[in-house]
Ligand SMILES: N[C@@H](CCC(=O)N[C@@H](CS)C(=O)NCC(=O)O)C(=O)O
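First, one chain by itself in C-alpha cells, the form predicted alone.
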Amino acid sequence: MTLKLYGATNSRALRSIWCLEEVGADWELVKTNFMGDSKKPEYLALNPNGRVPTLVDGDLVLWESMAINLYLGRKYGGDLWPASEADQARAIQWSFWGITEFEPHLLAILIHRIMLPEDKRNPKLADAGERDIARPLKVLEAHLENREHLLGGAFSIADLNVVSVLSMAGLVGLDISAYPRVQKWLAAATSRPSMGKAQAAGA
C-alpha cells in the first residue's frame, strides 16, 4: 500500500518527506501548497486545521509533522526507531524539545528578517530570537560531548526530528560556529542521501 503525504518541500512537510525517504517506504507526494491548496474543502476534510503535512496510511489520517515522523519511525523505521523503551521515550522527548526550544526562535528570525515585507518586520523580535536560541544550543552542545548522535548510538528518529528543525538555521543565516559539536552533527545529518532525495521530491 502506497502512503500519501500531502504537503510541499518549502514547508514543515519536508521533515516528513525526509523521514519517508529515510525509512524507505513506498510513498507518494500529493503536492499541497500551504497558502492555497490547504484551504480547499477537499483538503480540509482530511486536515481541518488547513495546514501541511497530512499523512494517509490506509484508513489512518494523521497530521502534525512530528506525530507523523514518530509514527513512521515506529512502524517503518527499522533501526531508525530505538529498540529500548527508554530510548523510545528519549526520542519523543528530543522531538518535542526541538519544536518547543528551537522552532519558535527560528521562526521569529525567519518571519522578521526574510518573510515579511520590510515595513512589517519587527527587528527586535528577530534579535530576541537569535539571542534566546543560544540557551538550547548550549544544551545541545553539552549533550553531544562524547557522542555523535542524540541517543548515543546510531542516527535515529530523534536526530532526524531535531535536525529537521535546526536545519532552518542555514535558511535564516544563523551563525552556529560557536557550537562546533552541533555544527558537525547538523552537517552530518543533512548530508545523508535521504535528505537530498527529500529536497528533490518536490521538483
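Being a predicted model, the structure only gives us computed values, none of them experimental. All residue numbers are counted from 1 along the displayed sequence.
One more form of this protein, predicted in complex with this ligand, exists but is not displayed; see below.
If you check this ligand in the predicted bound form, you find no heavy atom from any of R181, K184 and G196 within 4.5 Å. Proximity of P48 to this ligand in the predicted bound form falls outside the 4.5 Å heavy atom cutoff. Using a 4.5 angstroms threshold between heavy atoms, E64 counts as touching this ligand in the predicted bound form. This ligand in the predicted bound form comes within 4.5 Å of a heavy atom belonging to V52. Within this chain, K40 is remote from the site of this ligand in the predicted bound form, having no heavy atom within 4.5 Å. The stretch that touches this ligand in the predicted bound form, counting heavy atoms within 4.5 Å, is 64-72, out of 171-179, 22-30, 64-72, 137-145.
With contact defined as any non-hydrogen atom lying within 4.5 angstroms of this ligand in the predicted bound form, the stretch 163-187 contains no contacting residue.
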